[in-house]
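Presented below, as structure tokens, is a lone chain in the form predicted alone.
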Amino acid sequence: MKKIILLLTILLYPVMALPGSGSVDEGKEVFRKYCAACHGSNGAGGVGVPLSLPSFIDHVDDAYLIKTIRHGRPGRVMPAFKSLSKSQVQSLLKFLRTWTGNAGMSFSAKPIKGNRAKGKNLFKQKCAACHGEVGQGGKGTGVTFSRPRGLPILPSALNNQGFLASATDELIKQTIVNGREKTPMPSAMKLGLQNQDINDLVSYVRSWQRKKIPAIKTAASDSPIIIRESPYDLATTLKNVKQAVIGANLILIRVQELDKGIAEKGKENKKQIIVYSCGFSFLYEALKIDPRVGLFLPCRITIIEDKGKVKLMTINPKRLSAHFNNSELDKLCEEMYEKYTDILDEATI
């Protein structure tokens, strides 16, 4: 009897040793770690689109969700999660399905034939007002401040290569047929579309797909911090930074010790200074595109004296822009990078 128990223990050990593998609990943890910051802890949306809407989660299949996770949406906030294991992805799907308890729909991979020219005309009439003239989607993110206030969610980019690589023609068709309840997306019936009209629309949307998905921009080549060494002492460098900030048409907000509020009052390190400044019109425009820029705005320049050497440093906006995966933000972050380097260079000439 003991031998039988021992044998069963050995046979069952791999299962017993991995209680979280492929489980809802594992999926919940994966969602918390990788998804909740954008999609909300309960999937109701935020920077990212709402996932827990029954009109979404119950009307997509697992294949679409898996490909979306793997491909992301190049240039549209949603990154590609290629490093997640197969077990993590499967667990994540199990967790997502708990929001409604339904398994989702299944779709044929068979292409739908339609008239692209007619579909283009229909798209202009029925879809472009929200999804953009060429399916580029709404600007900004899903956050209220970032998107048009009249829309509860950000209209998706239908010409996005990540979306087109993930969605089958049948899934796109059924989305048009059913619409998305609790979003501005109406059903085909309310739009007065017939079956052939829908096929024509699907054919036109599919025409945007290219053979290859664009490579995700990498931040590996850019340092996360811009650093300059000053030939001046701390006091002179601080004076130069203030002048350079004003010369760059930024408003000087305040100057304080780096450890103020952390160190005991009166014992702050006087050789570590942080200078806050901002261009408020620029900040407002950047926040409208992506509220996450609030993580590194307003501009902060740190001045540190160590062993007789003075260094200036600030965060590199281009590095962060790459992480945000928002093509609209890239240009602004490029401008911010140029302004930051100009200030640092001007202060250390």
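Numbers for residues come from their place in the sequence shown, where the first is 1. What you see is a predicted model; the values in this text were computed from it and never measured.
The protein also exists as the form predicted in complex with a small molecule; that form is not presented, and the subsequent description refers to it.
Mapping the unseen interface onto this chain, residue 130 counts among the residues with a heavy atom inside 4.5 Å of the small molecule in the model of the complex. At a distance threshold of 4.5 angstroms between non-hydrogen atoms, residue 314 is out of contact with the small molecule in the model of the complex.
At a distance threshold of 4.5 angstroms between non-hydrogen atoms, residue 184 is in contact with the small molecule in the model of the complex. Using a 4.5 angstroms limit between non-hydrogen atoms, residue 154 touches the small molecule in the model of the complex. Site annotation in the model of the complex: the residue of 275, 226, 193, 250 reaching within 4.5 Å of the small molecule with a heavy atom is 193. Interface residue among 303, 35, 286, 320, judged by heavy atoms within 4.5 Å of the small molecule in the model of the complex: 35. Look at 101-109, 262-270, 232-240, 68-76: in the model of the complex, residues with non-hydrogen atoms within 4.5 angstroms of the small molecule sit in 68-76.
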